[in-house]
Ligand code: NAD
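In C-alpha cells, one chain follows: the form predicted alone.
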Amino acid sequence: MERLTVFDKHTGEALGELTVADAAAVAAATRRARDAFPAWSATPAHRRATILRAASESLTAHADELARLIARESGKALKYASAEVARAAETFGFAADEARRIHGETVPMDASAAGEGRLGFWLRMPIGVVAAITPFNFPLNLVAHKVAPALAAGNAVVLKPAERTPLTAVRLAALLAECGLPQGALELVHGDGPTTGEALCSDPVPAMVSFTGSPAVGRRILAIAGLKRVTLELGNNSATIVEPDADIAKAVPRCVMSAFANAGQVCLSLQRLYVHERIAEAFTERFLATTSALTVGNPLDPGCDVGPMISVAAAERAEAWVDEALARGARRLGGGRREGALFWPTVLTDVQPAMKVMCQEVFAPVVSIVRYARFEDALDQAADSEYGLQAGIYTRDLDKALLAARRLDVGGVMINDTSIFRADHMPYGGNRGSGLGREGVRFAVEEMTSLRMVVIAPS
C-alpha cells in the first residue's frame, strides 16, 4: 500500500510514515464510524462531557510533547505551537460544557387553531457521521474545532488531517482513546485531497462534511458531496484599519504579530493594513523596526518568531507574488529574502488593489501598508474583496467602530485589535468567498445537529 512520509519542515528529517487511505480504506473507516454511532449517540451527556474534559486535561499534561511535534511537522515557532496546544485544551473544555447543555424547546401548539390541545417540543439530535478535513496550519486546534463539538453532540467522526501535518492528529486520537472514547467514534484516514479527501466527501455514509482549506477545494467539495450538510472555512485577505486616534504603541506590535505569526499561514493573518496618512510615517517606521527585530529560523528555538513555511514551493509562490508586485510598481520596505522554505517577513507599500498580494490570499509573511485620508475610503478599500472572514479597526471613536461593524460584510469585526483575534468559544466563520457556516464550539454543535419536532395529540 502507498505510504505517506511526514517530514520535519526545518531539518527535512523524516518524522514518521502512515498508510495512505484509498477509496476502499475510506469506506471501511466510514462504516466503522457508522457502526459506532448508535452507542456513542446514546451515551449520556454527562459521560460524553467527562471524556471531553479528560481530553482537555490530557492535552495540558502533554503540552510540551505536543508543542514540539507541532513545531516539527508544521514549522510553527515553538511559542506559537505551545499557544495552540493551550487553545486546543480550552476548545475541548468548551466542548465538555456544551455536551451538558444541548437541549430543545417547547412550541406553543395552541398558537394555531390546528394545534389546540396538542403538546409540542423539539429535540436537537446528532446527525450521524461527520467527515472532517483539516489544514496544515493548526494541526491540533483546527482538528479540535471539528472533532470536539462533533463528539459533544453525539456524532461519530472520520477525520482526514492535512497530509503534511497528520502526526499531531494521530497523537490526539490516541489521547482520546486513553480518556475513554470508544473505538470507532473517531476514525482517521490519511492521504491527499484528490485521493483520500474526495473519497471521504463523496462517501454515502457521512451526513456532513466540515472542511477548512482553500476556496478551490471548498467548491470541489460542494460539487461532489451530494445531499450532505457542508460547512466551509475558506480563505481571506484580512484587512485592518488604523485611525489617527489609535494607540500606536499597542497597535504596532499587535499588527506585526498578526502579519507574521506562523509565517503568515493563518486564515486571519493581517495582509492589508490601511493606515491614516496623519500617522502613516510614524506607524510605518515603528512597524519596520519591530519587524526587523523578529528572529527567523529553527522553530524549536525558544526565541524564534518565524519558522519555515510549510514547503519550499509555498515560499517560492510567496516570493513570486512579491516579485510580481514589485514589477508592477510596489516598493519593498523590508524582507523579501528566501532560503529554502524560510521566507523573511516582508513589508510592501505603493501597492495596487489588483496585485495578487492585495486581492488574493497570500498565506505567507507578507503585508502591504496603504495610506488613506478618509475613514469611509478605508472602509471601502477594506470591503473591496471577494472574501469576508474578519477585519480589524483601531479607533477610539465609537461611531466609526459601529459604522465599520455595519458596513463590512465579514463574519467578525474586531475593534481595537486586528483581524487575527479569535477566542475559541465565539462564533467564527466568513461570508461570501470565505465560506459557509460557523465554528466556535456551541455554533459548531448547532451545525452538527438537526432538529426533531415531536407533537403529542390527546389519546
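The first residue of the sequence shown is number 1, and the count goes up from there. No experiment lies behind these values; they were computed from the predicted model shown.
One more form of this protein, predicted together with ligand NAD, exists but is not displayed; see below.
- Within 4.5 Å of ligand NAD in the predicted bound form, a heavy atom is found for every one of Lys160, Cys201 and Glu361.
- A residue is said to contact a partner when one of its heavy atoms sits within 4.5 Å of a partner heavy atom; Phe211 meets this definition for ligand NAD in the predicted bound form.
- The closest heavy atom approach of Glu84 to ligand NAD in the predicted bound form falls outside 4.5 Å.
- Contact check for Ile221: a heavy atom falls within 4.5 Å of ligand NAD in the predicted bound form.
- The closest heavy atom approach of Gly197 to ligand NAD in the predicted bound form falls within 4.5 Å.
- Just one of Leu270, Met309, Val347, Leu142 comes within 4.5 Å of ligand NAD in the predicted bound form, counting any heavy atom, and that one is Leu142.
- Though ligand NAD is absent from this view, in the predicted bound form it lies within 4.5 Å of a heavy atom of just one residue from Glu73, Glu233, Glu98, Glu187, which is Glu233.
- Heavy atoms within 4.5 Å of ligand NAD in the predicted bound form map, among the stretches 331-339, 238-246, 187-195, 283-291, onto 187-195 alone.
- The partner is not shown here, but in the predicted bound form the stretch 133-154 reaches within 4.5 angstroms of ligand NAD through a heavy atom at Ile133, Thr134, Pro135, Phe136, Asn137, Leu142.
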